[in-house]
Every structure is written in C-alpha cells, then in structure tokens.
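As a starting point, one isolated chain is supplied in structure tokens, in the form predicted on its own.
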C-alpha cells in the first residue's frame, strides 16, 4: 500500500524525488530549521437513509498539498489545491516568508522510509470502490433491525460514510513516506415514543477497513438493535438523583471521559505552553496506582490507528500514565524538538489545509484484575454509567461536565432502574486519584469517535474497563 501511494502521486501528478527536493529548497530559501510537504488525495462517499428512504448520496474528491516550515517556535504554513509545480512553488515561498529565520539546515537527499511492520489496515477493495447497492443494503438492514426491535420505535435515521486518503510526505531531513488510509462508519439514530414520552438512542461502528467489516466484525443488525434498545430503555427512566456518590463506568465507549478529561491534557503542545493541568508533572503521581493509561496507534484496523502519523513518523504505543505515575506526553515534531522529548507518532491533522499538532489515536486504560460484577456489588448506592453523550472540558484545570446518555441506579450492589438527565461533574486529574477498582473487561469502542481540537477533527478510538470512582458529583433532575 505504501508503494501504491507513492506511485499514485508520482504517476498522476508527475512528481519525482528531485521535484520534491526542489520544492523543499524553495521552502527553506529564507532560512528555517525544517520543512515538509504533505500531499493528500482523499476520495469519499456518504449515504443517508431516513424513514426507510434514501435521502442523500454524495461522492467527493479533494486534493492538495500543505507546506510547512519550522523556525524555532514559529511555523510557516501554506497550502494549495493545485498541484502544478508553479502553484506548489508559490505556496512554498509563502510558507518560507512566514517562518523566515536565521537558521539554515542542509537539505538531505530524499530516501523512502521502509516500515518493518505489516500494514495495520490491509484492504483488498477500498470502501469507496464498493458498489452503491452494497452500501445501501447495509443501511436497509440496520433500518429494518431497529424498526423490528420494538413497535415504539417511531423514527430511524441511518448514515454511512467512507473515505480513502492517500498521503505522501517529504521532509527536509530526507524522509519520503506514503500511506493509503481507508475509513468506514455506519451510524443509526432512533426515536422511541410512548404516549407523550420520547427518547433517542444511537449506535454505530466502523474502522480502517472495507465493507467486509460489517459482515465479519459488527453487523448492521447489531448496530440497529442497539440504537433501538437504548431509546426504549430510556423511555420510562426515572429522573436522576443529584449529589456526590460512587460512580461505576461501564467498559468501552465510557472511555470518552478518559479521552476528554485526561487525554487532551496529556498532549505535548498544551504542556509545552504550560496551559495543561498536567504541565510539569512527569514522574509524579497523578492517578491511583490501579490506573495505567496508554495511547496506541498500532492496533490493527482500529479507527484511530495509522501506519504513520501525518508527519511521516511511525505510530506507537505510548505509556502516558503507569500505575498512577505520569510518564510522558503525546508528542509531534515541533513539541519534541523544542522540549528534547522523543517523538511518539502523534502528529495529526484534519487535511492538507491544516497544520499538524499533537493528537490522540486510540487512548484507553489497561485492564485490572477485578471482576466487573464484584465492582458493582461493592456499591451500596451510586450510579452506573453505561454510555455517554456530549461533554465539555477545560484543559487548563481539568474540570469537566459529561452527560450520560444511558445510566442506571446502583442499589444494594445491584444495577436497578434506568435514570435520565445524569451529568458527571469533576476534575480530570482528581478523578483518576479516586479510582478504587479496575475491572478485567477492557473494551474498546466500536469505531465511532471523532475528536475536535482547535477547529480540526480527526478519527480516534477510546476504551476502558469497568472502573469504580469512589466519589464523583452527579448532576440530576430528581426533586
């Protein structure tokens, strides 16, 4: 796939190693420490089924190159969607002008980067190349399964999206790297009604795969039924009580709380600028000794995985917190150069029109040794959060507010009545110190995560085993 991507750009756009090196020379003509070229060709398609009718079908292609020049902490960036040599040179000169500085680094001759590991997402047929009828069949199967789950399911919306991104990266230190990155996702949204009551449910899944993902890993029927089940469960849920109480997080998608409340605070740029609650705490205890948190971009086929990051560095499994001790941050090139830290393969960008920055890939907490049922049995009165909706986090102090889309009371060691209107309020660094039990049932999400940062959106993965937080503020609506 790497060779395919390289040949794709060289053949279609008449690029060559000598031509790329010339563009890099232009980018560095006003000085600088480093420059890179990021070529991207993205093909995509999407379908929307609403009320069992196909409401929209779209296909698109975007192509362009982003040119970056680094000079100390200054970044010069320019991009163009015209890949003629004249336009690329014009963009290179613009980036050079922005980042002009006294430093000047000799540009090394380009050499292809060779990965020692197999591709994390070998795909025989790209999802964008599959027949539209095959994609439409997935939507119809999910729609039928959701409607058949319960007569109270009144509305169903099913969305499908795929893309294949071909990238080519050339750098002033001589690296030439390429990749072909598939991505596919199926999502179902349901509305259940019973008299005057109504509730919504959602489910989805996908990964870096072809359409076979939905035959072999996660079927449309499973996704459709799960969305309907969540809506039905919440129909007659009680109002959630408010107050400070023990909270048990279920495995899988509830790991989004970890992602938001802790993960962003461990991205290197926030810590380099000392705007994170975790700044300067490497080597210190920031969590219970039961907590080990990693960011792993090397999991085969996962939504957040990449053979290489968007700066051409191989992704890796980075231990962020080990048995409660902060071990390091997620690094891109700029942060690692400025702080003398090792790169971790976390330089990511939304597209060629965006600067790379430190971003998460698949971030999760490692499993512990507790039986999940024993964790629930240890709570006399509390909340079990099985699924989450939206949330907000302040990176500077770690304070967060999350809404639970599916949650239940825990009474006398048993999960009992569903409740609605539950919000979890706390502080990321503080909440990890209150983790007293960690289950043996680590689960990753089904492949639905998209993370926003500074206006850029990238696909990510999250995960967590069942964990018990001894004390957390729960906002509720019960009188």
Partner chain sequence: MSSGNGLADLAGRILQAARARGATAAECVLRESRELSATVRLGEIENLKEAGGRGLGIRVFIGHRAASTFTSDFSWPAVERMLDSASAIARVASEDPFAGLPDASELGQAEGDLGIYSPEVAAVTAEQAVEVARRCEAAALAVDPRLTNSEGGTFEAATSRKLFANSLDFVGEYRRSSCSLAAVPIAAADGEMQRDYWFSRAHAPADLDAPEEVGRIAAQRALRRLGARKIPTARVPVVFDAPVAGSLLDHIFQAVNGDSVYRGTSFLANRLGELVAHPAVTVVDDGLRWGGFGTTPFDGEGVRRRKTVVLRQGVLESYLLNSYTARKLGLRTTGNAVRGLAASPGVGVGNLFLEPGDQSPERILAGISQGLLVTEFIGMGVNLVTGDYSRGACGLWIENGELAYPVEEITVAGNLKDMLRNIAAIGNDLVFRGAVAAPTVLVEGLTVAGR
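Numbering follows the first chain given and starts at 1. Definition used throughout: the rigid core is the maximal C-alpha set that superposes within 1.5 Å between two forms. Keep in mind the model is a prediction, meaning the values are calculated, not measured.
Another form, the form predicted together with its partner chain, is not on view; read the next lines as being about it.
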Legend entry - Residue contact check: residue 133 to its partner chain in the predicted bound form, 4.5 Å heavy atom: yes
Inset, instruction - With heavy atoms only and a cut-off of 4.5 Å, decide whether residue 420 touches its partner chain in the predicted bound form. - result: yes
Legend entry - Distance check, residue 79 to its partner chain in the predicted bound form, heavy atom within 4.5 Å: yes
Legend entry - Touches its partner chain in the predicted bound form: residue 60 (any heavy atom, 4.5 Å): yes
Inset, instruction - Report whether all of 25, 323 and 325 sit within 4.5 Å of its partner chain in the predicted bound form, measuring from non-hydrogen atoms. - result: no
Inset, instruction - Could you work out which of 394, 194, 374, 173 is the residue within 4.5 angstroms of its partner chain in the predicted bound form, going by heavy atoms? - result: 394
Inset, instruction - Would you kindly say which of 403, 378, 298, 115 lies with a heavy atom within 4.5 Å of its partner chain in the predicted bound form? - result: 403
Inset, instruction - Please determine, with the chain shown alone, which of 207-215, 251-259, 299-307, 266-274 has non-hydrogen atoms within 4.5 Å of its partner chain in the predicted bound form. - result: 266-274
Inset, instruction - Scan 229-250 and write down, in order along the chain, each residue with a heavy atom lying within 4.5 Å of its partner chain in the predicted bound form. - result: 242, 243, 244
Inset, instruction - Look at residue 392 and decide if its Cα position differs by 2 Å or more between this form and the one not shown after superposing on the rigid core. - result: yes
